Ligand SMILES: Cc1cc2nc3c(=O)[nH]c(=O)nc-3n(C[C@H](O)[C@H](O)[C@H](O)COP(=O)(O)OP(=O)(O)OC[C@H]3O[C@@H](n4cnc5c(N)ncnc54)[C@H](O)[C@@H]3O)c2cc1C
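A single chain comes next, written as structure tokens; it is the form predicted on its own.
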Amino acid sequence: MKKTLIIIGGGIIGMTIAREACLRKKFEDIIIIEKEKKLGFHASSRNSGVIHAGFYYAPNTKKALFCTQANNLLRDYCIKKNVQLKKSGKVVVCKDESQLSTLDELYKRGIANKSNIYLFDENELSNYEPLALTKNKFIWSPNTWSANPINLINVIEKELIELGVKIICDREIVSQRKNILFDNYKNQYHYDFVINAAGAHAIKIAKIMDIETDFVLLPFRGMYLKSRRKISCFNTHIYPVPNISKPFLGIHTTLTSDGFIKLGPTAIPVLSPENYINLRGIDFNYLPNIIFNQIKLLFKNSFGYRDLAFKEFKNLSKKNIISAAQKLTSFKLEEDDFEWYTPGIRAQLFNQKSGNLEMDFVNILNSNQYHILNSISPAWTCSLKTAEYILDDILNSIS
């Protein structure tokens, strides 16, 4: 039964879902509605470009179930479509012996999640990244590559046009009634099935469509430093052992697909999902609730929010980011060799009921609506696998 599928949101998740829907040939018309003037304008083109391997995530979560397969799918797609790649791999290193138990847990998760992962003694580190520093042990992840996010968006967009997807940009969905969406220019769009892939705005779209949840938005700004010149002496990404109770991986060194080094990202609390610089991009529709929740979390220090915020605000300084990255490597990182790079926003959800950050993807199927919430890292890596999963879900529900 071929009908109209509308996808709200033209980031990489919406784009890959449209692609998968075309390949399945179950809908007659497939339409993407994007509020910006071009596709992939926000997190999809502002992320690190790292193709994650799937060992950070607790087994049996969606992130764990998706990421290892997604890693293979995305690497193969980039190779097939000639997307710019860096086949670097990654080492995860310990600053001291107190982190060894967490490193062991990451390795166990990697094995459980069927990641391609190795745990080695420190005397092996020079075989993988001679410039990295560790204490006692390290993890080697050969499938953690880098791709060019903008290049990937352009390639997928070209494929969508060839497949006949209708792309409507510069239109924001503001209301809906009886299977009809209305945009900010009062245009109407009838759908038989709608997918909310609006990323940072997915909770807002869900509310427009009468879906209530326990989640509120807590946006964090990821800021990077990028080397002013290409640096060829590093072999791999170098990551610290993270605090696995939080969805942030800490300041690390990343090899870009075109040969530069990036340091970051930060996780600085901000005031809106598009608040990239200082007070710019603040959406006053979000502002009161975000400030209210931030003040409440600072006061209660729920999930260590106050400690995290104070620590991260120090990373507004280039010096502090470089100092954190310097602990990972013997290569001398000079402040003058780096400049601020395009920031991104992690549109993190906070579960008011549990009092914790939501660590996993959240998908809600409701009749002829599908809502994709908390689409945070590794959502970019997982995009092709996420699209397969969601189309399976939808087609099973309407068969």
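For every residue, the number given is its place in the sequence shown, counted from 1. In this text, all values refer to a predicted model and were calculated from it rather than measured experimentally.
Absent from the display: the form predicted in complex with the named molecule. The rest refers to it.
Are any of the heavy atoms in H52 no more than 4.5 Å from a heavy atom of the named molecule in the model of the complex?
Yes, H52 lies within 4.5 Å of the named molecule in the model of the complex.
Should T386 be classed as touching the named molecule in the model of the complex when contacts are defined as heavy atoms within 4.5 Å?
T386: no contact with the named molecule in the model of the complex.
Mark I33 yes when one of its heavy atoms lies within 4.5 Å of a heavy atom of the named molecule in the model of the complex, and no otherwise.
Yes, I33 lies within 4.5 Å of the named molecule in the model of the complex.
Find out whether any non-hydrogen atom of P265 is located within 4.5 angstroms of the named molecule in the model of the complex, and reply yes or no.
Looking in the model of the complex, residue contacts with the named molecule include P265, since a heavy atom lies within 4.5 Å.
One residue of I139, A198, I261, V241 in contact with the named molecule, assessed in the model of the complex (non-hydrogen atom, 4.5 angstroms)
So the residue touching the named molecule in the model of the complex, by this definition, is A198.
Among the candidates I345, L357, L65, L333, the residue which, in the model of the complex, approaches the named molecule to within 4.5 Å (heavy atoms)
When the named molecule is considered in the model of the complex, the option within 4.5 Å is I345.
Given a 4.5 Å cut-off on heavy atoms, tell me which of 318-326, 113-121, 201-209, 127-135 is the interface stretch with the named molecule in the model of the complex.
In the other structure, the partner sits against 201-209.
Using the arrangement in the model of the complex, list in sequence order the residues of 5-32 with any heavy atom within 4.5 angstroms of the named molecule.
Residues within 4.5 Å: I8, G9, G10, G11, I12, I13, G14.
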